[in-house]
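The chain below stands alone and is given as structure tokens, in the form predicted on its own.
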Amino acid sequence: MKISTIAFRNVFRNGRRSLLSIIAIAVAAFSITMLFSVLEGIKVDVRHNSWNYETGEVRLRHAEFDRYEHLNPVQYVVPDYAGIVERLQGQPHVWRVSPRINVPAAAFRDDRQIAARGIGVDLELERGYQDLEDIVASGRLPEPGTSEAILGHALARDLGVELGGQATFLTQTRLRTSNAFTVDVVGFADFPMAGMNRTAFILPLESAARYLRMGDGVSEIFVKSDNGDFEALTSDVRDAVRESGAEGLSVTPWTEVSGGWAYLQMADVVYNIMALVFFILGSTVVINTTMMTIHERTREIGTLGAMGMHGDELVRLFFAEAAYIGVAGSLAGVLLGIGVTIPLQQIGIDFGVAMEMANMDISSVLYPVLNLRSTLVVFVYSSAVAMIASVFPARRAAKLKPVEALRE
């Protein structure tokens, strides 16, 4: 009889212990499948939020603005932005361009000061850069050239402003003077990041330029590629800046300035360690089960030895049993993980108030993403761990002498 046939039969002969091992491996595989799906979802989310709201895929700014960003130095601008945008649009790796004006602002309600941040955007270019309609919770987007704005819903609540009402903000101009301006609130926004809902409002670029006395300058220009090759994109943006003759501008890929990206690099290491711990815990159950099985089957091992099965053949027998159990547990865990992840990709995981105070590019609602490569890795890895866990007890079984085993 073939070793594989005997091993398959033995799995069912020791049903309870085999089931315990399969469940332990399945739990580990399920947990890691879910963990990697959530991590992949966070990666997609951080990239989306960073590119759309914080850094762009590549960001173009005045170098001194980067240096003094904590002071909101609105006097440092990207000059003649229209000419630079035109040159950027002619570069081979540039797909979308978004010139922006950051409006540091404060509003007052009774004796309370409320910090806010306006984002002046070219509404025509911005509709190509991102799906602006997607953030409108109620009302509509502002019209170009008007004093209209759309406020984060939490900011509107703090200001006590209703749809169709007005909000007044105090800001600092490029000339380092103060200026107050009033906007007509035509919509409420539901930004992905809870922090933005408390502070951000969107207004037309030309209106922001007027309020801040920006002239032909903007605070920054975000650029996206159509293939995610930010290194080639960075080179193209630098070429466009050089052609424009503008000086003192910095071109920075998002990986160098996004806090979310730095978090993901650390999270990758932490989650891989967690995955290893889960599988080690699962493998201890396999080791224990295999050793108990060997103890209970001592006479059987002696009989097999007397029939001519020795050394490596016994090792292969128990290794084959562990392989069956490992594959069954891994497959069950991965399939369960896939079954849970697929609906969560549409429903999302709402972290609610837990994310309100997080100063990161992570949304309040996360959507896990099933990654085929990482899912296959989990299946192969968990199966391999179960097989490797059987080697030690299998070698122990191989050392039993048939005569001594039959006496047990």
Partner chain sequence: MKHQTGRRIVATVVAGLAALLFVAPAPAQELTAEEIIERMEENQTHSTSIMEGRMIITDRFGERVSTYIAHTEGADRFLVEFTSRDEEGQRILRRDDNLYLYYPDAREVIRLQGSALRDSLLGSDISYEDMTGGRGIIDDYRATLIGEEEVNGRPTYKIRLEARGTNVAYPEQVYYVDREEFVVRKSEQFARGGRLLKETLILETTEQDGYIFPTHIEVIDVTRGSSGTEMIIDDVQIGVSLPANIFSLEELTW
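Residue numbers count along the first chain shown, from 1. What you are looking at is a predicted structure, and each value in this text was computed from that prediction instead of being measured.
What comes next is about the form predicted in complex with the partner chain, which does not appear here.
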Name the stretch, out of 207-215, 97-105, 251-259, 331-339, where some heavy atom lies within 4.5 Å of the partner chain in the predicted bound form. 207-215
Does any heavy atom of residue 177 come within 4.5 Å of a heavy atom of the partner chain in the predicted bound form? yes
So in the predicted bound form, does residue 170 come within 4.5 Å of the partner chain, heavy atom to heavy atom? yes
Could you tell me if residue 76 has a non-hydrogen atom within 4.5 Å of the partner chain in the predicted bound form? yes
Given that the partner is absent here, does residue 199 sit within 4.5 Å of the partner chain in the predicted bound form, heavy atoms only? no
Which listed residue (239, 158, 184, 80) meets the criterion of a heavy atom within 4.5 Å of the partner chain in the predicted bound form? 184
Just to confirm, with a 4.5 Å cut-off on non-hydrogen atoms, which of 130, 147, 244, 91 contacts the partner chain in the predicted bound form? 147
Looking at the partner chain in the predicted bound form, which residues in 54-73 have at least one heavy atom within 4.5 Å of it? 68, 71, 73
